[in-house]
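Shown below, as structure tokens, is a lone chain in the form predicted alone; questions about how it binds or moves come after it.
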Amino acid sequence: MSIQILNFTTAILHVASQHLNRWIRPPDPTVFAASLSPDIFGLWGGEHLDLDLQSGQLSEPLSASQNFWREVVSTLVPAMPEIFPPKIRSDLDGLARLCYEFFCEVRQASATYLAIWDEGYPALLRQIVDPPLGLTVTGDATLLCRPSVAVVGSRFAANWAIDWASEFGRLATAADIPVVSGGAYGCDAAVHTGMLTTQFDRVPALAVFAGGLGMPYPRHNIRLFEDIVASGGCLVSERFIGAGCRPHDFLARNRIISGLSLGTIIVQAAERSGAMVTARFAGDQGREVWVVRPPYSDVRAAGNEALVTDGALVLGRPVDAALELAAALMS
């Protein structure tokens, strides 16, 4: 039962952190279990407190669930002042309302919610220094726990980069290699479009949003996102369902892209770009960084050359890269 209480506590922290617009450190499970008061266990004695966080489905009528969250929040938060910052503890009714609204949105979006200590939460992502306290997912959430690679690159990619990403995506699907991207224009969209040309189902494509699942960005790629879910892939976000994108959200999103993956492929990157930020995140997280070397001198790929100079591994043709990475993911 302590793991259930831990996940409730973390879900409340997640909602609070999104509201406050700052990351909050999740509780350590061992320390948390040792600090639980016997009184808190009594909260879980009634059927009215039955909520399956993993599916995000409220088991009771929605009209009564706000009272549920009011009781959970008013019990857990004051009992754990070392976990919840003072600003969170100052408005318990407001926090309960935010939790209620969030899980209503999760249900209405037919999404899955994974708190950080849930068994379905990706272990690789949990290892980074600032993991999301929770994730909302539409589509096949089990993909999050499979070994994967990230593919990122310029939004204004050259034809050679688009072709490389698209062909790699096609081969990745054939080899059953899960591929993570940010769903942006250019290389991100190309790799997932390539994946979707190979087969109609069980396509291991994962797109991570900077905003909420209900606010897909860029809007031009909505059909691509719908096809990813319909073909067996998934969409992922740490934000509120209806949250729009702010400039700093893309940097926060990039840490998730690299954190979900064993390594990140940089297809084409300028020296100052989001792709280079993702590469730095991957390096800081102890993950591999692979770089595609341009077929000719391209100022838009100056970041590629910088990464190679720093020791990143160079990838050749898409077919060679797919074979190499398939072997690496199986080892």
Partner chain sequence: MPKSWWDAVREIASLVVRDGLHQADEGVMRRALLSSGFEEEAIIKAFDWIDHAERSGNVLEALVMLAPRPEGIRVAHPMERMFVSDRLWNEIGRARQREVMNTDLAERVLEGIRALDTRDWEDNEVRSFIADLMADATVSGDASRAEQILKDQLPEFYS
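Positions refer to the first chain, counted from 1. Every value quoted in this text rests on a predicted model; they were computed, and no experiment measured them.
One more form of this protein, predicted in complex with the partner chain, exists but is not displayed; see below.
Shown alone here, V289 lies farther than 4.5 Å from the partner chain in the model of the complex, counting heavy atoms only.
Not displayed here, the partner chain is kept clear of R126 by more than 4.5 Å at the level of heavy atoms in the model of the complex. A residue is said to contact a partner when one of its heavy atoms sits within 4.5 Å of a partner heavy atom; T30 fails this definition for the partner chain in the model of the complex, lying far away. Although the partner is absent here, T309 is not a contact residue: none of its heavy atoms lies within 4.5 angstroms of the partner chain in the model of the complex. In the model of the complex, no residue of the candidate spot (Q4, W23 and W117) has a heavy atom lying within 4.5 Å of the partner chain. You can rule out all but one of 72-80, 100-108, 149-157, 134-142: in the model of the complex, only 149-157 has residues with a heavy atom within 4.5 Å of the partner chain. The listed set G232, G94, P218, P85 contains one residue whose heavy atoms approach the partner chain in the model of the complex to within 4.5 Å, identified as P218. Contacts between 228-253 and the partner chain, taken as any heavy atom within 4.5 Å in the model of the complex, involve C245, R246, P247, H248, F250, L251.
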